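Before any questions on how it binds or moves, here is one chain, the form predicted alone, in structure tokens.
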Amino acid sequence: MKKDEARILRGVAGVYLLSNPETKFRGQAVARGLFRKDGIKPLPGDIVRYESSEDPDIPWVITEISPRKNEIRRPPMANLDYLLLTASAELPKVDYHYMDRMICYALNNQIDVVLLLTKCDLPEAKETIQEFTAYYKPSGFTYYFVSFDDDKIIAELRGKIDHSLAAFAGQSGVGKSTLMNRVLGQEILETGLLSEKAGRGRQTTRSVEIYSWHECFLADTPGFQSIEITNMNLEGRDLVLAYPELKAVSHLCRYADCRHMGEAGCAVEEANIHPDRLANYRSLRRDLDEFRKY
């Protein structure tokens, strides 16, 4: 970022917190009225230019918003580089249907995906690790197995997302806040408790907020859990992006517009794709196709 540029970390009631780690700048700003007139709203993650407002209470004003790499509405933010999609090796159990849905959402918004499996040091984790590996290894996605005291993995993750904006997503109770605190090296976020009865965690995040660590930005983001495939503004063919092993054999299908739903001449049938991956693809495809009818 340039000297007079910063990233929006959060926005509440029209007041935005800006940060530029390179220049050590941090301050509150309001947006120029011109943005409101043009129907533009600054978002967490935006790279903006700013200047003095001559107001001692809110000393800066946002004068320009740089072109966005991407923009997502749920949760509202911009310029996201990585989605750190997190699951647990113990409780709650991995919801592969949810994971695949979120991978599709990320990749179709030009967001790279990193998969994280937490609680891998627990005795019950071995079976889940094997299952997770069999499910995702053929896809080629980057994934990490995270244990409570494994600082090496945390260092690798920091290196992966350095000079980027990354956001955590995953079911409640998988340890997103704990993991984010470890990456940031300090207790920033409240951690939630897991309900033994329901096997689910309590949501501890209420609004998008971005935290900076050296040259890295990390976002804690509510709202990802509630995104359904029918809310993603996707076509059925867009799903294949989330299934690289399926996409790799699509050119062998008899028909160029093959849906991979069991049609005659579909190469997917003989491609040795993980049966649960294929089942989840087909479930999502049916949901999208049915939605598109109406």
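All of these numbers come straight from a predicted model, not from anything done at the bench. When you see a residue number, it is the position in the sequence shown, counting from 1.
What comes next is about the form predicted in complex with a small molecule, which does not appear here.
In the predicted complex, the small molecule stays beyond 4.5 Å of every heavy atom belonging to Pro75.
Thr128 falls outside the set of residues with a heavy atom inside 4.5 Å of the small molecule in the predicted complex. In the predicted complex, Asp121 approaches the small molecule with a heavy atom inside 4.5 Å. Met102 falls outside the set of residues with a heavy atom inside 4.5 Å of the small molecule in the predicted complex. Only one of 108-116, 208-216, 140-148, 156-164 places residue heavy atoms within 4.5 angstroms of the small molecule in the predicted complex, namely 140-148.
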